[in-house]
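The chain below stands alone and is given as structure tokens, in the form predicted on its own.
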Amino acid sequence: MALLLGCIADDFTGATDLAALLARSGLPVSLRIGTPPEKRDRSETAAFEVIALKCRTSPVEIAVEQARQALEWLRQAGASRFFWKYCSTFDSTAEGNIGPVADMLMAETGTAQTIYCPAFPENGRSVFMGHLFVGEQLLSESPMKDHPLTPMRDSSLVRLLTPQVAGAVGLANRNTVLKGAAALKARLEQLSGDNIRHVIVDAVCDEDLGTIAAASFDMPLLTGGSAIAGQLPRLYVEQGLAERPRHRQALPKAAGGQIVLSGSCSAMTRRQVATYAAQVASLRLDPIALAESGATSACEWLRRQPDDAPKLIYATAEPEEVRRAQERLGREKAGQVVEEALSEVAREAFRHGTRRFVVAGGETSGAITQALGVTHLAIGPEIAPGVPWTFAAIEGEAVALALKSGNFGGETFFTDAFERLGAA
């Protein structure tokens, strides 16, 4: 099948989120961990190719270069339309990386204007009058204000994006979106005439997303959360560019022990960890102790547990505890020691027969996936909106991985995940 859309995601959980929503269409989706080193035979590509990068919090120049390499691979694979995927909470800093990567992609693809639509109504993320809401809270009043790496203290996407990009940032608000695709397209053309190349677009429901997708479908580059991309397969089918397959791809069975590894400190993950820790053997990691002695004791604890028993190992903590660790170790070091420890634990778990992994946190998911040597993932059933089971081959063994963005899922997500896998 021809490659319809080449996608670049700024972290691994975001990539699986995007792949899950695209896969709802039944059209084939391929998720690759990092830019593949080899050039791709166009006959071997899926309708949707997603490249997962680990660049959300990388220095700007590194993020831009990684995205450039991914773009080049996708072009050589046959893509002519592209999607830049970032978090539905617009996780970023004053410098980037959302805007700088978008600027580069626009320049490389000859895109005169693009949209920014992080809204994901199904998961409670909406944009109204240019302001991002998490549930009923403004982004700046939500738990995201205390994110350990990208604290979000402003809800205005126009203000957040403006210092990151070259040129002015405009808004197409919901009053325009409600008038339909033609009115929204006219608004985008008006803004383009005013030399506004970057446009925030309001969306508070799935119907809004359908309108936005129809109005911006012809743009070579779109940017946003996974929900707006999830509207595109329907348009490809309606325009005769794709045909839904009659049968879904058969997925492997991962037989072996199960473990939850959590590095996320989001509010929802804290509740999920508390719920699951009351049910299974669990171990909490302390970043300061990890900095002094590494993951040796965690691996020893893991070896003492029955291989087939469910387990939880986590560094999830309250915001005050995170701040104390960051003050002691530095922000970057505090995160690094947790990622390294959980990666070592994941390798140890695999050596002892674990074949089903749930990982919470975008940076953690990236570190663990790379540590396990995963390069390609098949997309399985969704556990919660935007969080699917995925499958990989590691050393010839089938392994199931659920890579969960911090705030996704309900309080019983970890239990739900393994139950969903058993029923698949």
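Since the model is a prediction, treat every value here as computed from it, not as a measurement. C-alpha atoms forming the largest set that superposes within 1.5 Å between two forms make up the rigid core. Residue numbers here begin at 1 and follow the sequence given.
Only in words, not in the display: the form predicted together with adenosine-5'-diphosphate, which the text now covers.
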I have Glu189, Asp208 and Ala213 flagged as a candidate spot, so tell me whether each of them has a non-hydrogen atom within 4.5 Å of adenosine-5'-diphosphate in the model of the complex. no
Going by a heavy atom distance of 4.5 Å, is Thr89 a contact of adenosine-5'-diphosphate in the model of the complex? no
Glu339 near adenosine-5'-diphosphate in the model of the complex, any heavy atom under 4.5 Å? yes
With the partner left out here, check for me: in the model of the complex, does some heavy atom of Ser405 sit within 4.5 Å of adenosine-5'-diphosphate? yes
Would Ala298 count as a contact of adenosine-5'-diphosphate in the model of the complex, using a 4.5 angstroms cut-off between non-hydrogen atoms? no
Interface segment, criterion being heavy atoms within 4.5 Å of adenosine-5'-diphosphate in the model of the complex, picked from 357-365, 384-392, 29-37, 60-68: 357-365
Of the options Pro287, Gly230, Pro118, Gly99, which one has a non-hydrogen atom that comes within 4.5 Å of adenosine-5'-diphosphate in the model of the complex? Pro287
Between the options Ala325, Leu139, Leu160, Met106, which residue brings a heavy atom to within 4.5 Å of adenosine-5'-diphosphate in the model of the complex? Ala325
For the stretch 262-297, I need every residue with any heavy atom inside 4.5 Å of adenosine-5'-diphosphate in the model of the complex, listed N to C. Gly263, Ser264, Cys265, Ser266, Pro287
For Ser126, state whether the C-alpha moves by 2 Å or more between this form and the one not shown after rigid core superposition. no
Once you overlay the rigid core, does the Cα of Gln336 travel 2 Å or further between this form and the one not shown? yes
Do you see a C-alpha shift of 2 Å or more at Asp286 between this form and the one not shown, with the core held fixed? yes
